[in-house]
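We begin with a single chain expressed as structure tokens, specifically the form predicted alone.
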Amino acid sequence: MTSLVTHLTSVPRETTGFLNRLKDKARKLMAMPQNAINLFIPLEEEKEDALRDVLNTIRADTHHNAILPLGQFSDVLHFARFLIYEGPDHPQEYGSYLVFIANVDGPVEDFLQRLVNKSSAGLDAILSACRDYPPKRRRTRQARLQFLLKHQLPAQAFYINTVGRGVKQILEEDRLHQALQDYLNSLTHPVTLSATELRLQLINHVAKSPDLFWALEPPERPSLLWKAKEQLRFMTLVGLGTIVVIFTWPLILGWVVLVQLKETGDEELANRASLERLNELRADEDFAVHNQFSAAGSLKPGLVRRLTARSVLALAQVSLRHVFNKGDLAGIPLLGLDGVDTIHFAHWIMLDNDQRLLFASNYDGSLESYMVDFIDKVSWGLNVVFSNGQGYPRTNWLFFDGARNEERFKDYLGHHQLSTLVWHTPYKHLSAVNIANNSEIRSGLRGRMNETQAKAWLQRLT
């Protein structure tokens, strides 16, 4: 009788566990394939120097250091950085913040939970410098996780180069490329084969290799459920936006005129950052084929500018999430292959009750070429967002001038760029060009090709 009662009372628990697992699976299916982590945590002033020492130790080897080895997350972590944001204005009010910005595959909470589970001691070494971090006797895994979640800020706009292309796929396809190159180099007389024959030989090699045959299958893509939800979301937003414009266009036009009136009195930064400061920033760059960029500044005072910034970022987010999600950020070209964008990820984050804006990105090439790409291709986009910041080169009707004044714009960035203390990526040798090319190599292992198509595909292996 006792065993029967025990069995009956255990059924609800099993059912609850099953339902929880089902809910968790549904949550992951509905989540964005890649997500942004933006942690902003106030620091204790007297502990800032010690924190810098800890971060410098991590910086020396971000993959395998003894404090927080980020290499252990290389199956889901694309990019990560630590900053200390001192705040350009009113330090007595804002103080300093520890900033952690990352791009991960899967839900944010899942990554943070894994971070806590694997690196509690490392987190303690870093976060003990932060205000209100739990004391030692209360530092449970759950307490650490809740502390991180409490300081997570949403990105008002978030750009992903190619939605659904995860770290695992990027690294595996790079390994495939290297293996195919090695096999080609081992062939005695490859030039005697036609392009189609050589391609078939490579396909057979992949099929017979236990560590490569996975490449004959297409990569995982976002679920149909997620795609349907995204399509419905986009159509709903477009419909609502159209209705809003139809019924409020006079108000929108009046708002634009009001912004234009304010633009005539905007003050510009008229001096360059010190050479010492610029050299310090450049010292953080060019350690890989990509670079990081972080900049922040105060918004111009008044409700008009704050609402303009919020509205522009909301529109940008719709475009970035639903339109520019396949290697193209509003026309910025890739310097090479297939028109894929040079930017991997980008975040726009409002801070301090919309008093400040932080921008962070990961991009290929030098900062100079990165800035020129933006100025030449999307200066209007820079203007509508960043002209709401104090000291930005004066714009005209929100879209015009501004960043087109190249020297003044570069001076503005020099004053607002932030130093990155730690920057990590598991694929520092792979540009967006390389990543896109590797995906095309894998795709070329399937289907039929004529001689011309096979030649073009084989050229991707050189």
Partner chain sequence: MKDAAIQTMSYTLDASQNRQDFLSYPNPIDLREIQGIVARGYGNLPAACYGLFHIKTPDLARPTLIELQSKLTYAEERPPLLAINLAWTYRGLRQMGLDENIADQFSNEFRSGIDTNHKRRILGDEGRNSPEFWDWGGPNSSPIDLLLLCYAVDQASLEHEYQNLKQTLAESGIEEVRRLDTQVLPDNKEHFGFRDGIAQPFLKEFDRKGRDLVAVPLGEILLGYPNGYDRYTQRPLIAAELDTASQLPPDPEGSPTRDLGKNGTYLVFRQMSQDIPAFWRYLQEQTSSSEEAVRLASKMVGRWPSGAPLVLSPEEDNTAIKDKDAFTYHDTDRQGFKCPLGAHIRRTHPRDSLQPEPGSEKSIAFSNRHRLLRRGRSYGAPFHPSVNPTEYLKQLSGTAYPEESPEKSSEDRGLHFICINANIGRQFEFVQHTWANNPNFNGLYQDPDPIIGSRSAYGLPQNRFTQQQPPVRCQFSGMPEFVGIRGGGYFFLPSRSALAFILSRGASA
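Quick caveat, the model's predicted, so the values are computed rather than measured. Positions refer to the first chain, counted from 1. Throughout, rigid core stands for the largest set of C-alpha atoms superposing within 1.5 Å between the two forms.
The form predicted in complex with its partner chain exists for this protein as well; it is not shown, and the discussion that follows is about that form.
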item	value
Every residue of R175, L261 and R306 near its partner chain in the predicted bound form, heavy atom within 4.5 Å	no
The single option of D376, D75, E220, D211 touching its partner chain in the predicted bound form, heavy atom within 4.5 Å	D376
Contact residue in the predicted bound form, chosen from V256, V372, V244, A121 - any heavy atom within 4.5 Å of its partner chain	V372
Candidate stretches 194 to 202, 221 to 229, 76 to 84, 311 to 319, one within 4.5 Å of its partner chain in the predicted bound form by heavy atom	194 to 202
Contact flag, R272 vs its partner chain in the predicted bound form, heavy atom cut 4.5 Å	yes
Heavy atom of L421 within 4.5 Å of its partner chain in the predicted bound form	no
Touches its partner chain in the predicted bound form: F287 (any heavy atom, 4.5 Å)	yes
4.5 Å heavy atom contact, E267 and its partner chain in the predicted bound form	no
Residues within 4.5 Å of its partner chain in the predicted bound form, restricted to 55 to 77 and counted by heavy atom	none
Rigid core fit then R199 CA moved by 2 Å or more between the shown form and the other one	yes
